[in-house]
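The data below hold one chain only, encoded as structure tokens and taken in the form predicted on its own.
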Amino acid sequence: MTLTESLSLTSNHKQDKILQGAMQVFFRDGYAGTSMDRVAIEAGVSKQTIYSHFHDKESLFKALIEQITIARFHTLFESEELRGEPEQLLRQLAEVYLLKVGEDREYLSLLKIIIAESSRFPEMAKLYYQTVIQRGRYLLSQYFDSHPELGIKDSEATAHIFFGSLVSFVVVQEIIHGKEIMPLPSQNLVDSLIHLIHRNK
């Protein structure tokens, strides 16, 4: 291993430590309550080390969003277009999203912060939207446009309804405790969404 490769591995390891520490602080104290000092203590590194990797708290949180979200949805959004039979593809998208989000405590903790503090930090909420929802809606609307047999008049609105329903389901059932009051099996939602979109085929 060359010196350059060794330094790169060390740098990546430190960055991972920083992100792990930041995740603990953000989840415990919220965005507003998080400071670089607290992250440094949690990560076991100096504050200067954090600043050598991240310019400020916003860029640190952005990196955390990307780490938590992109890795989970990489298999869905890795290509420039979605492929497959409509019913099978829609079911896969819905089930993977609900599995990756609805049953992921780490992801749900991130979503809670974004919802709770979006009014004070709108850029943070916009970043989440661009990272996950916008990308998914764009790819799905393109897919609908390439399948005229589905009879979809407004592909972008339909894609928004699809992903919006999934996000709403997770928020209602998992974050505001809807499953304790009026539980709804995720499979029922998935079946209904597919029926609404696929019925004209």
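In this text, all values refer to a predicted model and were calculated from it rather than measured experimentally. C-alpha atoms forming the largest set that superposes within 1.5 Å between two forms make up the rigid core. A residue's number is simply how far along the shown sequence it sits, counting from 1.
Missing here is the form predicted in complex with the DNA; even so, the following discussion is about that form.
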Query raised in the report: Based on heavy atom distances of at most 4.5 Å to the DNA in the model of the complex, which listed stretch, 46 to 54, 133 to 141, 148 to 156, 168 to 176, is the contact stretch?
Result: 46 to 54
Query - Residue contact check: E66 to the DNA in the model of the complex, 4.5 Å heavy atom - result: no
Query raised in the report: Using 4.5 Å between non-hydrogen atoms, is I161 touching the DNA in the model of the complex?
Result: no
**Report entry** Partner contacts for 23 to 47, taking the DNA in the model of the complex and a 4.5 Å heavy atom cut-off
**Finding:** T34, S35, M36, D37, V45, S46, K47
Query raised in the report: Can a Cα shift of no less than 2 Å be assigned to I41 between this form and the one not shown, given superposition on the rigid core?
Result: yes
Query raised in the report: With both forms fit on the core, is the shift of the CA atom of S59 between this form and the one not shown 2 Å or larger?
Result: yes
Query raised in the report: Taking the rigid core as reference, does the Cα of I50 move 2 Å or more between this form and the one not shown?
Result: yes
Report task. Would you mind telling me if G33 and H177 are closer or farther apart in the model of the complex than in the shown form, C-alpha to C-alpha, with a 3 Å or larger change? Result -> closer
Report task. Classify the change in Cα distance between H177 and D29 in the model of the complex as closer or farther, relative to the shown form (magnitude of 3 Å or more). Result -> closer
